[in-house]
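A single chain, nothing else alongside it, follows as structure tokens in the form predicted on its own.
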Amino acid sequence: MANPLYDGLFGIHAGKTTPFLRLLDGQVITHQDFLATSAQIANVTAQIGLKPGDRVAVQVEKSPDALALYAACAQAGLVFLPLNTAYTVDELSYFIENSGASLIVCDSKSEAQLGKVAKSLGAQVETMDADGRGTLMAQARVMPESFTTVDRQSDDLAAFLYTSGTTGRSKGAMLTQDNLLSNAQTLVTEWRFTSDDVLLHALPIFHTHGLFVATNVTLAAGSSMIFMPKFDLDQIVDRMPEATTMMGVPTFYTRLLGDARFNRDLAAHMRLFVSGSAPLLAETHSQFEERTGHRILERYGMTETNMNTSNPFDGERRAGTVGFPLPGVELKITNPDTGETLPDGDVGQIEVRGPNVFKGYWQMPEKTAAELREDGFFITGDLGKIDEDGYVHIVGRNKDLIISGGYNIYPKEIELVLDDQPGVLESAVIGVPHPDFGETVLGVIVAENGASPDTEAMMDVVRQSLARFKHPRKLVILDELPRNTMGKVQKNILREQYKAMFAS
């Protein structure tokens, strides 16, 4: 037997002295040195009594050691549970208790509070700080730099990722060895990654984008990454000439476009820019291409599935779409009520099936059964359509669907009209309670810097472009839209904020 994830991502680099992590201070960590550190951490987990299948909950700042902890968990057969660094102790208590974590790794400043939580739940606590200090690394440094890799099967759990939990409690998505490895290997091929690539890595590593896409693809290709603690515009501009690729959220690209230093010459050495985790505005696509000559590659994934679709590396990268299903991934649009497959062009719920699709929700058999069909198709909760050329379009989340007076209204259709109006940077359309229609449409607008959009003129365009039942009852202007750490607009916050606007 073997350990598919460790062997396929980490073990293949044993003995390699080529760079893996390039740090901002000029330090370079080779694949060999990285594996030595991860083996030392794996030895610590064994010494403190962790067994294969045990869960390790991790809330630490981004650092090379934090990444080595992920590798150590893979090598020791432990289930890695990365947690958003913004979560409070109260929020962490739920994740730790729900997962049954045996070990909590946290920043030293959180040790006192989390220690109380851990004690009540029978878990151990170790600390890891971004500067290399902490109890875990103090123990690791005196450990051997080799560790006998624990045998695991492809269907064994490798990680938990908790969903954002905008409606009810977060769910722990169980990801297997094969879920993670197969997706990384597919993306290496589809995005043409080689050992010569250097990735600008400014994403957090508690999320699937920065960890299971950016990091795993780099490992699977044997390439290296410029490892940044966070997105810093000056640092990105400074280091881009050394890079060949970048993965980011839309905010990364809009910030780059807002800086005059970012031009065709600066991006000349780059071969690929990838965007995900939130929709990219068509305007950003066109401005980016005009400025640099590069067309951003947009893709579609989620916590439960990693990546499902991608615009093509070779071929048209079509703005407003997320491309085609990845090899090995089946995607269909279905009627939410009947589950029947809909014809191309019709809007329905997106379902996917493939080796990337998770095993289910931890200790939630009923929720798993409701969203993961017996035939393996996962009901994503996203609404979309497939156009005549086969490109997949995301039109919103099922929970964002507005039903007004019995009519189904898809916010994306209205947002596209609003986004196209003079002075509008972006928009969000939500449904809010209405005494006569059940729900009605509200448009939330963010103006371009220095602009004052004419809302009445915008409504005139809406009236000409869309059926009457889709017209926003009102347009409001905000300085910015609420977003989560990955840049997704949090419409649930907007719905709560404006829920009484049209109350009788």
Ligand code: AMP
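Note that the structure is a prediction, hence the values are computed from the model and not measured. Just count from 1 along the sequence shown to find any residue number.
Beyond the structure shown, there is the form predicted together with the named molecule, which is absent from this document and is the topic of what follows.
The named molecule is not shown here, and in the model of the complex it never comes within 4.5 Å of any heavy atom of Ser170. At a distance threshold of 4.5 angstroms between non-hydrogen atoms, Thr127 is out of contact with the named molecule in the model of the complex. Remark: Arg264 does not count among the residues lining the named molecule in the model of the complex, judged by a heavy atom distance of 4.5 Å or less. Using a 4.5 angstroms limit between non-hydrogen atoms, Met302 touches the named molecule in the model of the complex. Within 4.5 Å of the named molecule in the model of the complex, a heavy atom is found for not a single one of Gly431, Pro433 and Leu478. Site annotation in the model of the complex: the residue of Lys119, Lys399, Arg133, Arg141 reaching within 4.5 Å of the named molecule with a heavy atom is Lys399. Only one of Ile403, Ala369, Ala268, Ala112 comes within 4.5 Å of the named molecule in the model of the complex through a heavy atom, and that residue is Ile403. The stretch from 184-192, 423-431, 276-284, 216-224 that comes within 4.5 Å of the named molecule in the model of the complex, counting heavy atoms only, is 276-284. Residues are counted as partner-facing when one of their heavy atoms sits within 4.5 Å of the named molecule in the model of the complex; in 306-338 only Val322 qualifies. Note: Thr380-Phe469 Cα separation is 3 Å or more shorter in the model of the complex than here.
Relative to what is shown, Asp400 and Tyr361 are closer in the model of the complex; their C-alpha atoms differ in spacing by at least 3 Å.
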